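What follows is a single chain, given as structure tokens, in the form predicted on its own.
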């Protein structure tokens, strides 16, 4: 079993950052040909998802849809003022499992792995574990 983490810096309040290449590089660096890669985001205002990565408008639309579902003008009680980010993080989720075969993540033709920032900009961390 291999474990580690990596950091990334977000530049906007809300954005999706493609991390598929980073995950592929981890798999190659560790010479893993088959197994699973578990990803965990330890932040309460960010998430992880797999979705279309060919058209950047899809990521923008995902954020637009989440903003529609989670309005910013409710009478939230959380004193930091980032309750919508907490809710979006819960909706998207904080972990993923990606199958590995032939030394690469098994994603669909249009799929990419994304780190979802909902309360940035910040420096964030993603933990990973590869089980062969």
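Please read these numbers as outputs of a predicted model, since none were measured by experiment. Positions refer to the first chain, counted from 1.
As for the form predicted together with another copy of the chain, it is not shown, yet the points below apply to it.
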Proximity of residue 26 to another copy of the chain in the predicted complex, heavy atoms at 4.5 Å: no
Residue 103: touches another copy of the chain in the predicted complex, heavy atom cutoff 4.5 angstroms: no
Proximity of residue 121 to another copy of the chain in the predicted complex, heavy atoms at 4.5 Å: no
4.5 angstroms heavy atom contact with another copy of the chain in the predicted complex for residue 111: yes
Contact set, 30 to 65 vs another copy of the chain in the predicted complex - heavy atom within 4.5 angstroms: 34, 35, 36, 38, 39, 40, 41, 42, 43, 44, 49, 50, 51, 52, 55, 57, 58, 60, 61, 62, 64, 65
